[in-house]
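Given next, in structure tokens, is a single chain: the form predicted alone.
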């Protein structure tokens, strides 16, 4: 027997129902906020992620499914969505238009890491990306949209925010941080030592407890922001306060990817164990330019669908659709023609096996059908149908030519 690869999982039955419920809920709300659907390839050039996600990230350094294809191209399966959306934004010359573009997407991502609860090698994200709007009001609206999605899914969350500064305030802060890290370098893990030279701010994101304890007294970027970044961050906090969205300012929140600047945020849950982040994102105003596009302000987020599956309760199922069954072969033939008309506007289950009425009723009840249409020997002789509403328990017999296909 061939099983799924380690860290890859089939979505069936309740999991697949939850997946559809999460995605359809998120789509509806994102559309209300003015986002439209975009589909991007699963396979991209490896260079895309090295230039965007960053050489210092664990994703590029350790986790990508990377290989040479038959055309000798260096490619990988996408480990996250933003870089591909930005590539599509540039490829389609949208960066040359003086407009705002807002996209939502969903689909599988791939990272070769140690599988654990809520963290798989093949997983799904729902995300949104906004291009062309530099205002902090857009940051606020993005956070509000995520809040609305989680509220609609009845998921409790806490919000963490930080500012990562800009090209003006980051360089002097970087000098201070490197100086601090150099003094404690011997006590840090190997990954942190490597990051000091490549991207020192990523050291703040280390999850190793020993490193975190060493970073308590590190200089904080939030205390070194330029006037513009500081003003935007204070405005964001004021806007969140105005609509009673609670938040925590986490000075070590830098996200796991190199392309973020200014606003960074995470939604976390205390109900899923150590992997507490259920959504995250932020502003990446220079990424379009880094990937050879025209300088364009941008902000986005992604929700880990598998991360929130255990937190989601499916809505109470309602009976729907028709179940058609017969206790004779000729009746099944008649029901085939009826089902082809009903299926145009309804969910229809046609049972091909000849069974008793009692057996058909059990089958109809099992799948949650609302209406059962049955042909027995008497119905076949009289060209009639026996119909029962399984919600109201009402029964009736009508002629076949009286059936209305609505």
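Positions refer to the first chain, counted from 1. Keep in mind that what you see is a predicted model, and the values were worked out from it rather than measured.
In what follows, reference is made to the form predicted in complex with a small molecule, a form of this protein that is not presented.
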message: Whether residue 147 contacts the small molecule in the predicted complex should be assessed with a 4.5 Å heavy atom distance threshold; does it?
response: no
query: Is there a non-hydrogen atom of residue 169 within 4.5 angstroms of a non-hydrogen atom of the small molecule in the predicted complex?
result: no
- prompt: Counting only non-hydrogen atoms and a 4.5 angstroms cut-off, does residue 234 reach the small molecule in the predicted complex?
  reply: no
task: Indicate whether the small molecule has at least one heavy atom within 4.5 Å of a heavy atom of residue 248 in the predicted complex.
output: no
query: Out of 204-212, 320-328, 174-182, 105-113, where are the residues with a heavy atom within 4.5 Å of the small molecule in the predicted complex?
result: 105-113
- prompt: Does each of 77, 89 and 290 have at least one heavy atom within 4.5 Å of the small molecule in the predicted complex?
  reply: no
The small molecule: the contacting residue among 164, 335, 161, 278 in the predicted complex [heavy atom, 4.5 Å]: 278
Heavy atom within 4.5 Å of the small molecule in the predicted complex - residue from 226, 302, 155, 94: 302
